[in-house]
Each structure stands twice: as C-alpha cells, then as structure tokens.
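Next up: just one chain, as structure tokens, the form predicted alone.
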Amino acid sequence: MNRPLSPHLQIYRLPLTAWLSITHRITGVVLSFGLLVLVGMVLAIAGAGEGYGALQAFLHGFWGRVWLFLWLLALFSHFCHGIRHLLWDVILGFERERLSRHSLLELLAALGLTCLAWLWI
C-alpha cells in the first residue's frame, strides 16, 4: 500500500519539552537498571574477593567509565526534570517562551552537574 501520508506528519517536529518528557521516562528506566548494578556492586564489595577485583577492573576500564558517565547523566537529567516538575506543580514556567528556555536550562544543568560529578570522581 502506497497511500500518501498526511502532510503534517512530514513537517511536524516534536518540541524540546516533548523530547525531554520522553527522555525523563527513559532515564527512569535506566536508573532502575542502574540500581540493580549498584546492588551488585555493594554485594561485590561485601564479598571483598574476586568479585570486587573484577568490579574494580570493569569500572576502571573504558566501558565501565562510559557506563558510569551515562548513568550519571541519566541521574542528573532525571533530577533536573524532577525539579522542573516541582516548578510546574506551583504553576511556574508554563508560558510558551519559558518552556523552551527552561528546557535548555534543564539540559545545561544536567550536563553541568554530570561534568562536575565526573571531575569529582
């Protein structure tokens, strides 16, 4: 079937606020899986044997660092979007121009906090 699409489907772009809303849900799932890994880390540390050594080798390797950076980014993205939801709860920032500005601020804050945490680690 080669039926033509409605023209609005070809030119419509999701606004940044919608992308951040979708990202908020995805980061929630990523954080849930990250908690499972965190429990594994605590168990490995409690064992203080081979598991701890393997965990330490993984976290100091390239993929361990990538995983940690992405998990921190998910954590701070979720955190910043949560703050934005708190502002919306008190009815702040619903104006059209503020929505886009706050979206950019949210992204910049998440990236900044991730970089600060990365430098601290």
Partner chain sequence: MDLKPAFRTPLARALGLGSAHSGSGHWWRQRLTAIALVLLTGWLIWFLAQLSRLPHGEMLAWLARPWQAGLLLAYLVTAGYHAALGLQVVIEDYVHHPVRKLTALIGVRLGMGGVVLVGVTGLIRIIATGGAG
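Numbering follows the first chain given and starts at 1. Computed from a predicted model, the values in this text were never measured in an experiment.
From this point on, the text means the form predicted in complex with its partner chain, which you will not see here.
Shown alone here, I22 lies within 4.5 Å of its partner chain in the model of the complex, counting heavy atoms only. Heavy atoms of L70 never reach within 4.5 Å of its partner chain in the model of the complex, leaving it off the interface. Contact check for G49: a heavy atom falls within 4.5 Å of its partner chain in the model of the complex. Using a 4.5 angstroms limit between non-hydrogen atoms, F58 is distant from its partner chain in the model of the complex. Out of the listed residues L92, A54, V29, V66, V29 is the one that sits within 4.5 Å of its partner chain in the model of the complex by at least one heavy atom.
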